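To begin, one chain is listed below as C-alpha cells, in the form predicted on its own.
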Amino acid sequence: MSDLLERLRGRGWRMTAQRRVVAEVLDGEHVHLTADEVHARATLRLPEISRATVYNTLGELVSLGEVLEVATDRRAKRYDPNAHRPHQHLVCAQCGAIRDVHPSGNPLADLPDSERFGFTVSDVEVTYRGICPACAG
C-alpha cells in the first residue's frame, strides 16, 4: 500500500473506488501531476471515473493537508503527495518538469532579522529553476 493510502486510512477517510484510484495515481516520490493528468491515468484503472470526481477528490486531499497544490509560473496547478516531508522544488524552465529536492540548511533561518520587517515568518517556499537533462539534450 502506498504512503498516501496508508495516511488516508489512518485518518479514517472513506475509501471509495474512485478515491482509491486517485490516491494510487498520486503515489510516488517525484509525482507532480496536473488534474487532467490524474484524470487520464485514473480512467485507465477505472474508466467510469469522472473529471469532476477527480477534481473534487484532489480538492479534498489538499484540504486535508495530504497533498500539496503546486503552482509554478503560469502552468496548470500540480498535485504533490509528498506533503509530510519538507522539501523544495526544482522546475525545468522549458518543459515544466518538477522534482522534489531537499537542500541542506534551513531556508527559514537564512532570512536575517533585518529582512523580516517585523513579520513572524512561519513558512518558506523556494523554487529552483533550470533546464532538465531531457531539454538540454
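Everything numeric in this text was worked out from a predicted model, so none of it was measured. Each form is matched to the other, and the largest set of C-alpha atoms that superpose within 1.5 Å is called the rigid core. Residue positions are given as counts along the sequence shown, with the first one as 1.
Although not depicted, the form predicted in complex with another copy of the chain is the subject of the following passage.
Chemist: Within 4.5 Å, heavy atoms only, which of 107, 59, 86, 28 is in contact with another copy of the chain in the predicted complex?
Modeler: Contact check passes for 107.
Chemist: Are any of the heavy atoms in residue 11 no more than 4.5 Å from a heavy atom of another copy of the chain in the predicted complex?
Modeler: Answer no; every heavy atom of residue 11 is more than 4.5 Å from another copy of the chain in the predicted complex.
Chemist: Do residue 37 and another copy of the chain come within 4.5 Å of each other in the predicted complex, heavy atoms counted?
Modeler: No, residue 37 is distant from the partner.
Chemist: Please run the contact check for residue 126 against another copy of the chain in the predicted complex: heavy atoms, 4.5 angstroms, yes or no?
Modeler: Contact check for residue 126: yes, within 4.5 Å of another copy of the chain in the predicted complex.
Chemist: Even though another copy of the chain is not shown here, does residue 112 get within 4.5 Å of it in the predicted complex, heavy atoms only?
Modeler: The answer is yes: residue 112 has a heavy atom within 4.5 Å of another copy of the chain.
Chemist: Just give me the residues of 111-137, first to last, that have a heavy atom within 4.5 Å of another copy of the chain in the predicted complex.
Modeler: Contacting residues: 111, 112, 115, 116, 117, 118, 119, 120, 121, 122, 123, 124, 125, 126, 127, 128, 129, 130, 131, 132, 133.
Chemist: Core-aligned, does residue 112 move its Cα 2 Å or more between this form and the one not shown?
Modeler: After core superposition, the displacement of the residue 112 C-alpha between this form and the one not shown reaches the 2 Å mark, so yes.
Chemist: Does residue 65 shift between this form and the one not shown by 2 angstroms or more at the C-alpha, the core having been superposed?
Modeler: After core superposition, the C-alpha of residue 65 moves less than 2 Å between this form and the one not shown.
Chemist: Any chance the CA of residue 103 moves 2 angstroms or more between this form and the one not shown, core superposed?
Modeler: True for residue 103: a C-alpha shift of 2 Å or more.
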